[in-house]
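Coming up is one lone chain in structure tokens, specifically the form predicted alone.
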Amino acid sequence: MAAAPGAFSLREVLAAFQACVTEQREVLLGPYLQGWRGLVRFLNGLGAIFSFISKDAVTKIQIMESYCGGEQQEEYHTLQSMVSYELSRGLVDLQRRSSHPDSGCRTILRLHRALRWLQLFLEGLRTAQQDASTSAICTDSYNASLAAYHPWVVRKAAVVAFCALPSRNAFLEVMNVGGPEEAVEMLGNALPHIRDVYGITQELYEQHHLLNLP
């Protein structure tokens, strides 16, 4: 089943994250951003509830696309080359936001944190019973990931908004891969690749002490 032009397609997101990791275990930023553009379409398809996350993600994607297409684009071919380049040139604000508030390292970190939330949420949808509360799944996923980086007023508003989420089957229909069973199967194929990209990024950032950039 093909998705309408501009609509979210879980199959396209799967393909993008599959293409992310090289044989050398490096993360290609082009496919990474392509996968994120697909995830933004997923969020947008769920209405205004997730706009506080999707709008920020779009901004971060645009920043990274400007780097990937800019004068130093060869340095932004992979996540690893970006980290090496920016750290060696002093382009990362390690203690406080000052000269480089939109460095690639900081920008990817924000997407990285949101990717963890989406990974947990989609995994919850995949394994939950048909009548499970999507509000509870989403809230638990949010509290285990993004909530720690949001001020109290945003956390409160998010949890209230999650109460209006549609049913699990409605979410699975948005995947645009067929019925609920097909969507669950496709999630089972997609999530290991998303987890892999997340894990490589987490290890790289931990290695360079970048997980708590201001």
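Position 1 is the first residue in the sequence shown; the rest follow in order. Note that the coordinates shown come from a computational prediction; the quantities given were computed from them, not determined experimentally.
Keep in mind the form predicted together with a small molecule is missing from the figure; the text below concerns it.
- Contact with the small molecule in the predicted complex, judged by any heavy atom within 4.5 Å, is made by just one of Arg110, His77, Arg126, His100: Arg110.
- Taking a 4.5 Å heavy atom cutoff to the small molecule in the predicted complex, the contact residue among Val184, Val154, Leu28, Cys68 is Val154.
- No residue in the set Val92, Leu204 and His208 has a non-hydrogen atom no more than 4.5 Å from the small molecule in the predicted complex.
- Contact annotation for Met82: none of its heavy atoms lies within 4.5 Å of the small molecule in the predicted complex.
- Not displayed here, the small molecule is approached by Lys60 to within 4.5 Å at the level of heavy atoms in the predicted complex.
- Within this chain, Cys105 is remote from the site of the small molecule in the predicted complex, having no heavy atom within 4.5 Å.
- Taking the partner from elsewhere, Tyr32 is found to have every heavy atom lying beyond 4.5 Å of the small molecule in the predicted complex.
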